[in-house]
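One chain comes next, on its own, written out as structure tokens in the form predicted alone.
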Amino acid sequence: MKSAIPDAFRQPAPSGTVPAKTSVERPEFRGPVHYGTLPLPTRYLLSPLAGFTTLPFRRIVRNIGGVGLATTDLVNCRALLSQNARTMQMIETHAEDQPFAVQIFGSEPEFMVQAAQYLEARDVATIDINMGCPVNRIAGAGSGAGMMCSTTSTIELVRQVVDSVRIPVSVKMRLGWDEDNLTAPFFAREFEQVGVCAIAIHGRTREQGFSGSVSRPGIRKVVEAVENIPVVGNGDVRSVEDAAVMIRETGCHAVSIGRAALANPWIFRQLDEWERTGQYSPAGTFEERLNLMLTQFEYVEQQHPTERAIILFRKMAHWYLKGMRIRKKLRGDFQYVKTKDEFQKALARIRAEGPVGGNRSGVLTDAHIPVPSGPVSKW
């Protein structure tokens, strides 16, 4: 299949002065992170993010470097067992995409066990159980964050999944259902006892959704509740500086990053470089970001016919173009491209105009990635 992107669009970044590295004081790091017997290359993880942590994006951040583990969107265990076409595409992987985790959700132990065994047979490196999704259709049905409303049945479900496979099983959860039910430390202790390999903790309650600020003291309580397994801190980490605060104030072993990676896919390489040296290099320039965007689109084309790939890629392209400081009108126009010709013409306009302010070879200001808003019960 010939790509929709002409070779002329892929240009080297202009030469010039490389911006200085930024120094950030390093906290005391825990030792290397292991999920059971699986060693992670770094302590910086790509969070599951519905609609975004697809195989093409995982390949992008892997190619840049610094990722310790990348996880799929949350996968419905029943849809997986029925081999639903969309779900099967969600668990696709690649030689570059290792180690690779699949996050599953469900409230029925027998289906969660069968899904875990199915994934083990497909050589998935590790499985993550979602106990954090606040969306009403999932949490309200007793899955995701809804599992935090039960104790005995939830612990038994997790135990059955752990016992059913030989590969490591982790759990991602929130601090609790609401401020009156901060059950994460309790669950973390219990899950360690049944053999969970790691706990990822988003420092908000289900009731909060994504409002307010992450409670780092709440995450620290989870860290203090376990004895040997790693705890992964998650939430409000948008930069190296934020990761330093997360590690310093919570004592967590690792950090998981989601939306910030959409604005800055270089963040994992920056974090790894910072841990090793105390300094980190800037994210990509306009030209580097455009080339990265084109590469990710080509990965999407490897999965779909070109015109279907164009439609599927529009959502991700929005964040690339925002990070590249493309004028709002051009960003909006790109959301309507449907054909190869329209795609190429839109790219030509974007390249010709460049970023607002004309900064093609220097550091671009950070893009703001919004989170879902409004009452969580309405999501």
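Sequential numbering from 1, following the sequence displayed. Remember, predicted model here, so these are calculated numbers, not experimental data.
The same protein also has a form predicted together with a small molecule, omitted here; what follows describes it.
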Counting only non-hydrogen atoms, which stretch in 342-350, 41-49, 61-69, 324-332 is within 4.5 Å of the small molecule in the predicted bound form? 41-49
Give a yes or no for V231: in the predicted bound form, does one of its heavy atoms lie within 4.5 Å of a heavy atom belonging to the small molecule? no
At the 4.5 Å heavy atom threshold, is G258 in contact with the small molecule in the predicted bound form? yes
Check T205 for me: does it contact the small molecule in the predicted bound form (non-hydrogen atoms, 4.5 angstroms)? no
Is there any non-hydrogen atom of E275 lying within 4.5 Å of the small molecule in the predicted bound form? no
Which one of F186, F210, F111, Y118 is close to the small molecule in the predicted bound form, taking close to mean a heavy atom within 4.5 Å? F210
Ok, E241, D73, E287, E249: which has a heavy atom sitting within 4.5 Å of the small molecule in the predicted bound form? D73
